[in-house]
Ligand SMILES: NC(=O)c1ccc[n+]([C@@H]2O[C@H](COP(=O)([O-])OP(=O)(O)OC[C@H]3O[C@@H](n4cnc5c(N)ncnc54)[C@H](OP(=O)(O)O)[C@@H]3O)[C@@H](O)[C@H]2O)c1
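Have a look below at one chain only, the form predicted on its own, in structure tokens format.
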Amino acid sequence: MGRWLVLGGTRFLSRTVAATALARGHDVVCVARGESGDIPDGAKLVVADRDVPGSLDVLRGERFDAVVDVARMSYAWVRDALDALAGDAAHWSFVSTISVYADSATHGSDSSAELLAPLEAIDDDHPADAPDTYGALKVAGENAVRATFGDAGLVVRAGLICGPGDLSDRFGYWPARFVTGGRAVVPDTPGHPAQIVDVRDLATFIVEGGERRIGGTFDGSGPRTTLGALLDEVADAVGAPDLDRVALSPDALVAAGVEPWSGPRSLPLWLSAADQGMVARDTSAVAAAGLRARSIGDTARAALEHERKLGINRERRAGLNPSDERTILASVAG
């Protein structure tokens, strides 16, 4: 077994990667500030703040069989990690995002599609909350990894990651809502594309990628389906006996002030036509490379368990609160 370094390890995907590597018999070192949560039992924590230049120098010269970096909104983090650690790493994985693509509308595109222009720093012209900033920073990070490792580096452009540990509410809203039962607003768009990846499946692919020394760039998501089929599977897995899905047209939802995807008064997984290509990627390449996607029902059950730990009735980052839903049903559905 090997010695692994996970840059992160305290939240969601990076923590699941660390836990998966441990379960497969590897020694795991996690680098984090130690403020976002605990690392998995059995891992070693190295406390470092990657916003501080040179913070990874404490590991310079140490040998790792695999390094996994999930750096989110900082090209400098990626650059500094490569500078300090790449020379002694046998394999490097970088978790990127499907937000790197210049075209978010076209269905069926793959990892060869045109990318956004790379961005190396947030500034006045490219603020953190601008639509393309996140993806453009990831493009710069990808380029840095390829410049160092060439085709031997593994770049995984993650899709919508779901399952235990998710704090975005974009998938978890649905099992939490369906298990509550009653009349539930859903988009009347059954053919709308949908595509998710369970955090456990993505983590397993990344760990196996390090073990097998997989290189290349992949869209890290599961197979394409439709929103109607996805919601059917969630309802079948966790829906209450009295669940009554009330399908409202996109026009009716917009008129009622419902937003797509995320944020207050929204319906997660529902997207405008301009963005639906993000959940309709051709992921045949990553499936051929070894990403095995579990059933949506399995993900829904695990997401519901996590939702119950957080509190199903909490204030959410995405979805309709009960009061808004009742108002919408009264005014639109009758």
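The first residue of the shown sequence is 1; numbering continues from there. Quantities reported herein were computed from a predicted structural model and do not represent experimental measurements.
As for the form predicted in complex with the ligand, it is not shown, yet the points below apply to it.
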- Message: I'd like to know whether residue 41 contacts the ligand in the predicted complex, with contact meaning heavy atoms within 4.5 angstroms.
- Response: no
State yes or no: in the predicted complex, is some non-hydrogen atom of residue 34 no more than 4.5 angstroms from a non-hydrogen atom of the ligand? yes
Taking the shortest heavy atom distance, is residue 192 within 4.5 Å of the ligand in the predicted complex?
no
4.5 Å heavy atom contact, residue 29 and the ligand in the predicted complex: no
With a 4.5 Å heavy atom cut-off to the ligand in the predicted complex, the contacting stretch among 83 to 91, 245 to 253, 181 to 189, 131 to 139 is 131 to 139
Heavy atom within 4.5 Å of the ligand in the predicted complex, from candidates 126, 213, 107, 72, belongs to 72
Partner-free chain; cross-checking the ligand in the predicted complex, the single residue of 302, 280, 48, 293 with a heavy atom within 4.5 Å is 48
Of the residues spanning 1 to 20, the ones with some heavy atom within 4.5 Å of the ligand in the predicted complex are 8, 9, 10, 11, 12, 13, 14
